[in-house]
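Before any questions on how it binds or moves, here is one chain, the form predicted on its own, in structure tokens.
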Amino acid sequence: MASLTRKARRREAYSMKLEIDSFSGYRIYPSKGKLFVRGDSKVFRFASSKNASLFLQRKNPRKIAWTVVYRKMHKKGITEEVAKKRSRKTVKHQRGIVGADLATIAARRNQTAAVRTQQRLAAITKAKTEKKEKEVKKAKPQRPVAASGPKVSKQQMKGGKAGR
């Protein structure tokens, strides 16, 4: 019973609770390392006195080359773990815009500049003629001027004393 089989030892090895070093990111095995509790009750675990010392000196682990954080930031040692992801090329699709389907868009694109200018001028002249017609219609229905007699103020019309 004292000697465990290989499988049992392996299973036991997996069930260990491994902690992570707060500074370096290294694994801390059971019964190893130091625990530091700050005044605000935040817990920090360190694998070695070197890590604890650097932490207490307020060193930035992102600037220290052997820490896990530094290595992740500078993409060290990950080439064998993760293969490069293939990026898909974007495929362009033509879609119609509201009020114009693909056929009209293609037709407009294939037009020459001269045809466009002719269409623009035709549209401008059409708009101008419509505007003139509207102005003519507005000008016609004016009220005829009433027979002008002596001008009477509102006060006089009401029978006021003004003007006597």
Partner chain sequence: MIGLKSTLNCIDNSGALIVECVNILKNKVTNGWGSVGDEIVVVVQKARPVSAAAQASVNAVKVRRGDVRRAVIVRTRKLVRRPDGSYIRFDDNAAVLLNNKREMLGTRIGGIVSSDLRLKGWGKIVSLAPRVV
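Residue numbers count along the first chain shown, from 1. Just so it is clear, the model here is predicted, and its values are computed rather than measured.
Absent from the display: the form predicted together with its partner chain. The rest refers to it.
Chemist: Only one of these stretches, 25-33, 129-137, 63-71, 108-116, has heavy atoms within 4.5 Å of its partner chain in the predicted bound form; which one is it?
Modeler: Selected range: 25-33.
Chemist: Taking any heavy atom pair closer than or equal to 4.5 Å as contact, tell me whether Ala103 reaches its partner chain in the predicted bound form.
Modeler: No, no contact at 4.5 Å.
Chemist: At the 4.5 Å heavy atom threshold, is Ser41 in contact with its partner chain in the predicted bound form?
Modeler: Because a heavy atom of Ser41 falls inside 4.5 Å of its partner chain in the predicted bound form, the answer is yes.
Chemist: Could you tell me if Leu56 has a non-hydrogen atom within 4.5 Å of its partner chain in the predicted bound form?
Modeler: The answer is yes: Leu56 has a heavy atom within 4.5 Å of its partner chain.
Chemist: Check whether Ile124 has any heavy atom within 4.5 Å of a heavy atom of its partner chain in the predicted bound form, and answer yes or no.
Modeler: The answer is no: Ile124 has no heavy atom within 4.5 Å of its partner chain.
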